[in-house]
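Only one chain is shown below, in C-alpha coordinates, and it's the form predicted on its own.
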Amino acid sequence: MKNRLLIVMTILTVLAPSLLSALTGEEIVRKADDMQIFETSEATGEMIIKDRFGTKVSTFNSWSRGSEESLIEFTSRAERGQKVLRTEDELYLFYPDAEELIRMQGSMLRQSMLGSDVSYEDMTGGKDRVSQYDVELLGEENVKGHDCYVLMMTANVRTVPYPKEKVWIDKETFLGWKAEYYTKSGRLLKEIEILKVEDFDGRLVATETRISDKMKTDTETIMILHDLKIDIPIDDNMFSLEELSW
(Lines give C-alpha, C1' and ligand atoms only; values in the text may rest on other atoms or scores of the structure.)
Protein backbone atom coordinates (compact mmCIF):
# COMPACT_ATOMS: atom_id res chain seq x y z
CA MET A 1 0.00 0.00 0.00
CA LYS A 2 2.84 2.39 0.91
CA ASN A 3 4.63 1.54 -2.33
CA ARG A 4 1.48 2.23 -4.34
CA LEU A 5 0.98 5.57 -2.56
CA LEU A 6 4.61 6.47 -3.22
CA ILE A 7 4.20 5.73 -6.94
CA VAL A 8 1.06 7.89 -7.14
CA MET A 9 2.79 10.77 -5.34
CA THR A 10 5.80 10.49 -7.65
CA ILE A 11 3.57 10.62 -10.76
CA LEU A 12 1.70 13.65 -9.43
CA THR A 13 4.99 15.39 -8.65
CA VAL A 14 6.20 14.84 -12.21
CA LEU A 15 2.92 15.93 -13.76
CA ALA A 16 2.26 18.88 -11.45
CA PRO A 17 4.03 21.54 -13.56
CA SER A 18 2.13 20.57 -16.71
CA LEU A 19 -1.16 20.31 -14.83
CA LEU A 20 -0.68 23.73 -13.31
CA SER A 21 0.24 25.27 -16.67
CA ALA A 22 -2.74 23.76 -18.53
CA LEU A 23 -5.08 26.44 -19.86
CA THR A 24 -8.84 26.40 -19.96
CA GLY A 25 -10.70 27.18 -23.17
CA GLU A 26 -11.71 30.57 -21.80
CA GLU A 27 -8.10 31.45 -20.95
CA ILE A 28 -6.95 30.48 -24.46
CA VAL A 29 -9.60 32.64 -26.14
CA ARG A 30 -8.87 35.55 -23.82
CA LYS A 31 -5.17 35.41 -24.69
CA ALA A 32 -6.04 35.27 -28.40
CA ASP A 33 -8.33 38.31 -28.07
CA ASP A 34 -5.61 40.24 -26.23
CA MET A 35 -3.28 39.56 -29.18
CA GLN A 36 -5.66 41.44 -31.51
CA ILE A 37 -6.07 44.58 -29.44
CA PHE A 38 -3.72 47.53 -29.84
CA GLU A 39 -3.74 50.86 -28.08
CA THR A 40 -3.85 52.36 -31.58
CA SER A 41 -3.03 51.24 -35.13
CA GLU A 42 -2.75 52.72 -38.62
CA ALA A 43 -2.33 50.98 -41.98
CA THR A 44 -2.92 51.11 -45.69
CA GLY A 45 -4.43 48.05 -47.32
CA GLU A 46 -6.28 46.40 -50.14
CA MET A 47 -9.14 43.98 -50.60
CA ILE A 48 -8.71 41.60 -53.53
CA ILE A 49 -12.21 40.36 -54.32
CA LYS A 50 -12.49 37.26 -56.51
CA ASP A 51 -15.73 35.81 -57.88
CA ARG A 52 -17.11 34.27 -61.05
CA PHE A 53 -17.04 37.68 -62.76
CA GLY A 54 -13.30 38.19 -62.20
CA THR A 55 -11.09 40.10 -59.77
CA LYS A 56 -11.60 43.54 -58.25
CA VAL A 57 -9.16 45.44 -56.04
CA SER A 58 -10.27 48.09 -53.52
CA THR A 59 -7.68 50.04 -51.54
CA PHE A 60 -8.12 51.76 -48.19
CA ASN A 61 -6.57 53.50 -45.22
CA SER A 62 -7.49 52.32 -41.73
CA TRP A 63 -7.14 53.41 -38.13
CA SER A 64 -8.16 51.79 -34.84
CA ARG A 65 -8.11 52.52 -31.13
CA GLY A 66 -8.62 49.79 -28.56
CA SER A 67 -11.17 47.05 -29.23
CA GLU A 68 -14.21 49.18 -30.09
CA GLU A 69 -13.19 52.04 -32.39
CA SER A 70 -12.10 51.81 -36.02
CA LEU A 71 -12.28 53.83 -39.23
CA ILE A 72 -11.81 52.68 -42.83
CA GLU A 73 -11.53 55.19 -45.68
CA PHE A 74 -11.51 53.78 -49.21
CA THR A 75 -9.01 55.27 -51.62
CA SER A 76 -9.59 53.27 -54.81
CA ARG A 77 -11.05 55.22 -57.72
CA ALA A 78 -14.56 53.74 -57.67
CA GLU A 79 -15.02 54.07 -53.90
CA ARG A 80 -12.80 57.05 -53.09
CA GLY A 81 -13.96 58.88 -49.99
CA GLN A 82 -16.38 56.24 -48.74
CA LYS A 83 -15.88 55.66 -45.03
CA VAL A 84 -16.91 53.05 -42.47
CA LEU A 85 -16.82 54.12 -38.83
CA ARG A 86 -17.21 51.78 -35.90
CA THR A 87 -17.77 53.21 -32.44
CA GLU A 88 -18.47 51.31 -29.23
CA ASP A 89 -22.13 50.70 -30.03
CA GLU A 90 -22.72 51.74 -33.65
CA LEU A 91 -21.57 51.35 -37.25
CA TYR A 92 -21.86 54.20 -39.76
CA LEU A 93 -21.28 54.61 -43.52
CA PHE A 94 -20.50 57.86 -45.29
CA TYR A 95 -20.92 58.38 -49.05
CA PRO A 96 -19.19 61.59 -50.20
CA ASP A 97 -21.05 62.00 -53.51
CA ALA A 98 -24.41 62.08 -51.74
CA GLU A 99 -22.98 63.64 -48.58
CA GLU A 100 -25.03 60.98 -46.82
CA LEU A 101 -24.38 59.46 -43.39
CA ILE A 102 -26.03 56.09 -42.78
CA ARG A 103 -26.34 54.27 -39.47
CA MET A 104 -26.13 50.53 -40.15
CA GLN A 105 -28.60 48.39 -38.23
CA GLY A 106 -30.72 45.27 -38.54
CA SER A 107 -30.56 43.46 -41.88
CA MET A 108 -28.35 46.21 -43.34
CA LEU A 109 -25.45 44.83 -41.32
CA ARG A 110 -25.54 41.57 -43.28
CA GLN A 111 -24.81 43.37 -46.55
CA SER A 112 -21.50 42.72 -48.27
CA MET A 113 -18.88 45.46 -48.03
CA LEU A 114 -18.11 46.55 -51.62
CA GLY A 115 -19.11 43.12 -52.93
CA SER A 116 -16.48 41.34 -50.83
CA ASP A 117 -16.81 38.29 -48.58
CA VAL A 118 -16.71 40.66 -45.60
CA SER A 119 -20.06 41.85 -44.27
CA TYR A 120 -20.58 45.00 -42.24
CA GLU A 121 -21.75 42.68 -39.48
CA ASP A 122 -18.24 41.18 -39.36
CA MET A 123 -16.99 44.55 -38.14
CA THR A 124 -19.39 44.66 -35.19
CA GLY A 125 -18.14 41.63 -33.27
CA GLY A 126 -16.49 42.55 -30.00
CA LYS A 127 -13.06 41.25 -29.10
CA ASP A 128 -14.07 40.07 -25.62
CA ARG A 129 -15.47 36.77 -26.82
CA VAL A 130 -15.26 35.06 -23.43
CA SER A 131 -18.17 37.20 -22.20
CA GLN A 132 -20.22 36.42 -25.32
CA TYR A 133 -19.55 32.72 -25.92
CA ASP A 134 -19.43 29.46 -24.01
CA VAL A 135 -16.07 27.93 -24.90
CA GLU A 136 -15.33 24.22 -25.34
CA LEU A 137 -11.77 22.96 -25.85
CA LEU A 138 -12.07 20.16 -28.43
CA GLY A 139 -8.42 19.15 -28.64
CA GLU A 140 -5.31 19.99 -30.63
CA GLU A 141 -4.45 20.03 -34.34
CA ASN A 142 -1.57 21.11 -36.56
CA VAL A 143 -2.32 23.95 -38.99
CA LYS A 144 0.40 24.72 -41.55
CA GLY A 145 3.10 23.51 -39.19
CA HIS A 146 1.68 25.27 -36.14
CA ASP A 147 0.40 23.29 -33.14
CA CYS A 148 -3.00 24.74 -32.32
CA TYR A 149 -5.75 24.43 -29.77
CA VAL A 150 -9.10 23.67 -31.41
CA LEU A 151 -12.08 25.32 -29.72
CA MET A 152 -15.82 25.51 -30.34
CA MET A 153 -17.55 28.66 -29.13
CA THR A 154 -21.33 28.85 -28.78
CA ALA A 155 -22.91 32.28 -28.34
CA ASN A 156 -24.74 33.02 -25.09
CA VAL A 157 -25.94 36.45 -26.32
CA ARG A 158 -27.78 37.53 -29.48
CA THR A 159 -25.60 40.52 -30.28
CA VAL A 160 -22.75 38.61 -31.97
CA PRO A 161 -22.56 38.09 -35.76
CA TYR A 162 -22.34 34.29 -35.62
CA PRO A 163 -24.01 31.81 -33.23
CA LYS A 164 -21.07 29.40 -33.40
CA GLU A 165 -17.34 29.78 -34.08
CA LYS A 166 -14.73 27.05 -34.44
CA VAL A 167 -11.22 28.42 -34.06
CA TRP A 168 -7.64 27.13 -34.30
CA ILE A 169 -5.37 29.08 -31.93
CA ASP A 170 -1.58 28.74 -31.89
CA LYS A 171 -0.39 27.09 -28.65
CA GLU A 172 2.72 29.26 -28.52
CA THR A 173 1.75 32.66 -29.91
CA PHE A 174 -2.06 32.51 -29.42
CA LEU A 175 -2.57 33.71 -32.98
CA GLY A 176 -5.82 32.44 -34.51
CA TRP A 177 -4.66 30.77 -37.73
CA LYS A 178 -8.07 29.62 -38.88
CA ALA A 179 -11.75 30.09 -38.05
CA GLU A 180 -15.09 28.72 -39.22
CA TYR A 181 -18.41 30.45 -38.56
CA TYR A 182 -21.71 28.58 -38.30
CA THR A 183 -25.42 29.05 -37.86
CA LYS A 184 -27.03 27.80 -34.65
CA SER A 185 -27.99 24.58 -36.47
CA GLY A 186 -24.41 24.00 -37.64
CA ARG A 187 -24.46 25.25 -41.24
CA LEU A 188 -21.09 26.63 -42.32
CA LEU A 189 -21.35 30.31 -43.24
CA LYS A 190 -17.82 31.63 -43.55
CA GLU A 191 -14.16 30.61 -43.33
CA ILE A 192 -11.18 32.77 -42.44
CA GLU A 193 -7.53 31.75 -42.80
CA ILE A 194 -4.35 33.71 -42.09
CA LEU A 195 -1.92 33.61 -45.00
CA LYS A 196 0.87 35.88 -43.77
CA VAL A 197 2.03 37.38 -40.48
CA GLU A 198 4.59 39.97 -39.41
CA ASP A 199 6.48 40.28 -36.14
CA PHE A 200 6.06 43.50 -34.17
CA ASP A 201 8.39 43.36 -31.17
CA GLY A 202 7.73 39.66 -30.64
CA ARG A 203 4.02 39.94 -31.34
CA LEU A 204 2.69 38.28 -34.49
CA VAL A 205 0.10 40.25 -36.44
CA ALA A 206 -1.90 38.95 -39.42
CA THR A 207 -1.13 41.08 -42.48
CA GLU A 208 -2.75 38.86 -45.13
CA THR A 209 -6.02 37.01 -44.58
CA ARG A 210 -8.36 35.00 -46.82
CA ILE A 211 -12.11 35.20 -46.21
CA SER A 212 -14.59 32.88 -47.95
CA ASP A 213 -18.36 33.36 -47.74
CA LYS A 214 -19.79 29.84 -48.02
CA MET A 215 -23.22 31.20 -48.91
CA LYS A 216 -21.75 32.32 -52.25
CA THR A 217 -20.25 30.25 -55.09
CA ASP A 218 -16.60 30.46 -56.15
CA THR A 219 -15.76 33.57 -54.16
CA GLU A 220 -13.04 34.72 -51.80
CA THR A 221 -11.55 37.95 -50.53
CA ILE A 222 -7.89 38.49 -49.69
CA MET A 223 -7.37 41.27 -47.14
CA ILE A 224 -3.82 42.68 -47.12
CA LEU A 225 -2.37 45.28 -44.74
CA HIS A 226 0.63 47.42 -45.71
CA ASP A 227 2.72 49.84 -43.66
CA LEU A 228 1.10 48.76 -40.41
CA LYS A 229 2.01 50.92 -37.42
CA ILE A 230 0.88 50.16 -33.89
CA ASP A 231 0.66 52.17 -30.67
CA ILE A 232 1.08 55.54 -32.36
CA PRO A 233 -0.54 58.92 -31.59
CA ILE A 234 -3.99 59.33 -33.20
CA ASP A 235 -6.19 62.41 -32.94
CA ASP A 236 -9.13 61.91 -30.58
CA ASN A 237 -11.51 63.26 -33.24
CA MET A 238 -10.58 60.53 -35.73
CA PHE A 239 -13.48 58.33 -34.57
CA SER A 240 -16.15 61.01 -34.31
CA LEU A 241 -19.20 61.51 -36.52
CA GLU A 242 -18.07 65.06 -37.23
CA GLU A 243 -14.78 63.77 -38.65
CA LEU A 244 -16.58 61.13 -40.73
CA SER A 245 -18.18 63.69 -43.03
CA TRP A 246 -14.91 65.48 -43.84
Partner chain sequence: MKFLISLAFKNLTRYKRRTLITAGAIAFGLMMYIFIDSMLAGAEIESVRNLKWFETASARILNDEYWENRFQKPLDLSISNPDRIIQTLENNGIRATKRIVFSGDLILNADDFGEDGNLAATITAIDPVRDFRVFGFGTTLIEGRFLEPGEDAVLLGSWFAEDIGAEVGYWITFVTRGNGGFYEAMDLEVVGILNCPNPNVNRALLMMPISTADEYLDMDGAVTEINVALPDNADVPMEVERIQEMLNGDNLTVMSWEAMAVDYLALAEAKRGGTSTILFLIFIIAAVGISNTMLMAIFERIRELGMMRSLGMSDTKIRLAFMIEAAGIGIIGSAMGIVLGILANLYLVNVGIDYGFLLRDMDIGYRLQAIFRGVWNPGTMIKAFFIGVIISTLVAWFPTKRALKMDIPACLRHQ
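All values reported here derive from a predicted model rather than from experimental measurement. Numbering follows the first chain given and starts at 1.
Only in words, not in the display: the form predicted in complex with the partner chain, which the text now covers.
Can you say which of 198 to 206, 38 to 46, 65 to 73, 185 to 193 gets within 4.5 Å of the partner chain in the model of the complex, counting heavy atoms only?
One stretch meets the cut-off, namely 185 to 193.
4.5 Å heavy atom contact, residue 107 and the partner chain in the model of the complex
Yes.
According to a 4.5 angstroms non-hydrogen atom cut-off, is residue 142 in contact with the partner chain in the model of the complex?
Contact check for residue 142: no, nothing within 4.5 Å of the partner chain in the model of the complex.
Hey, in the model of the complex, is residue 148 touching the partner chain, heavy atoms inside 4.5 Å?
Contact check for residue 148: no, nothing within 4.5 Å of the partner chain in the model of the complex.
Taking heavy atoms only, is residue 131 within 4.5 angstroms of the partner chain in the model of the complex?
Residue-level check for residue 131: no, no contact with the partner chain.
Just to make sure I understand: among 148 to 186, which residues lie within 4.5 Å of the partner chain in the model of the complex, judging by heavy atoms?
Heavy-atom contacts to the partner chain in the model of the complex: 158, 159, 160, 161, 162, 163, 183, 184, 185.
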